[in-house]
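This document starts with one chain, in the form predicted alone, laid out as structure tokens.
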């Protein structure tokens, strides 16, 4: 039995309709190798990695520095428990992350295995700290419309994505949804669509999104645990991108009311938006921040939750008080993953990665500017090396194509045949190259996506 047959017979893929996947005639792409921003399948075909292997790969596949760090760690130990023990790798990584984050001596890093787990830990830390401090009326979380923070029960509870979360509603605790600062479809944006301009640049509004957050906070300031948001870019919501200034305004509103801010930087951290952390663009340091995806450079499952000293201190006490953070994972602080993460962070300095991103981002903007000429491109929005192209049925009214047209999927399938691997969010096309991508590779990615679009929707 070959790999594709075995896959269809035995595997269950995430976010995939398996009836279609297993149908006769469907040929899965079987990836067997990678190098930099290029992937190779079992038939020898090469593809550009246009979504950084679902937003995880940072410095490219098979980066020699990360490869060497993992091999060196394998020569010592692959895993040991973090319950009542430590290792000589995880504390170094914790220190590096807290220093990069701008934390102080009171900050702590809690390691887990994936972004959902990092969010779950953040929610439990915030809720538990409130309880230990005697703030028992604070039991409510706020989060943005369309939010997606992961697939564990707590992470789903602070999400507001119907297709992902609706079937599990009886399992989830209640949270309050506040409007997302997404300018393109904001009902308060009085500006008409303008070709060649991100809707955030042309918006005409009175920051009603900030007013909505203020109202929700004032409606329950003494009952709210924390406000949860993805800063700058709401990924699975459709790459919704926030106007500059929103994070700072939101943080100030929370601070004035004693509400903690939880930043989901699972997608946005580690250079994606041009800064190590997206919150840094506006000088904001959240009380809790969840990290994942690119933390290990895209090599091994690893996530982290960074917590302020104020929250950490709420869990300190005598043994019999049972104030310890009763939450953990078998692979917490896995030495192999931590070694990969330290090497990845060192690459940022050694290769001056953040200094290169503005030039790469400019190349990405230039390469995708022709998309504005397509009559069914409604909005192109970009933060650093994260770019989204939203397809619409009618430009003037922003009317979306029905989901059943599956245009985004069809465009990406056509682009795959040309040599680009990426994945849409419904009818929003996404390009998020690894930070190692050259200008020529970025141009080739955009060209393949353009050809795929024109094949499916001739202009």
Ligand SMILES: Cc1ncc(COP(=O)(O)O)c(C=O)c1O
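Positions refer to the first chain, counted from 1. None of these values were measured; they are calculated from a predicted model.
We do not show the form predicted in complex with the named molecule, though everything after this point is about it.
Engineer: Non-hydrogen atoms within 4.5 angstroms of the named molecule in the model of the complex: do 198, 273 and 383 all have one?
Structural biologist: No, the whole trio is out of contact, none within 4.5 Å by any heavy atom.
Engineer: Under a 4.5 angstroms heavy atom criterion, identify the one residue in 125, 278, 343, 267 near the named molecule in the model of the complex.
Structural biologist: For this set of options, the contacting one is 267.
Engineer: So which of 181, 115, 378, 297 reaches within 4.5 angstroms of the named molecule in the model of the complex, heavy atom to heavy atom?
Structural biologist: Partner contact (heavy atom, 4.5 Å) among the options: 115.
Engineer: Within 4.5 Å, heavy atoms only: does residue 232 come near the named molecule in the model of the complex?
Structural biologist: No - in the model of the complex, heavy atoms of residue 232 and the named molecule never come within 4.5 Å of each other.
Engineer: Can you work out whether residue 293 and the named molecule are in contact in the model of the complex, taking contact to mean some heavy atom pair no more than 4.5 Å apart?
Structural biologist: Yes, residue 293 is a contact residue.
Engineer: Quick one: does residue 47 come within 4.5 Å of the named molecule in the model of the complex, counting heavy atoms only?
Structural biologist: No, residue 47 sits far enough from the named molecule in the model of the complex that none of its heavy atoms falls within 4.5 Å.
Engineer: For residue 148, is any heavy atom within 4.5 Å of the named molecule in the model of the complex, or not?
Structural biologist: Residue-level check for residue 148: yes, a contact with the named molecule.
Engineer: Among 181-189, 75-83, 319-327, 149-157, which stretch has residues with heavy atoms no more than 4.5 Å from the named molecule in the model of the complex?
Structural biologist: Looking at the other structure, the answer is 149-157.
Engineer: Within 4.5 Å of the named molecule in the model of the complex, which residues of 54-70 have a heavy atom? Give them in sequence order, or say none.
Structural biologist: The stretch 54-70, when checked against the named molecule in the model of the complex, contributes only 55 at the 4.5 Å heavy-atom cut-off.
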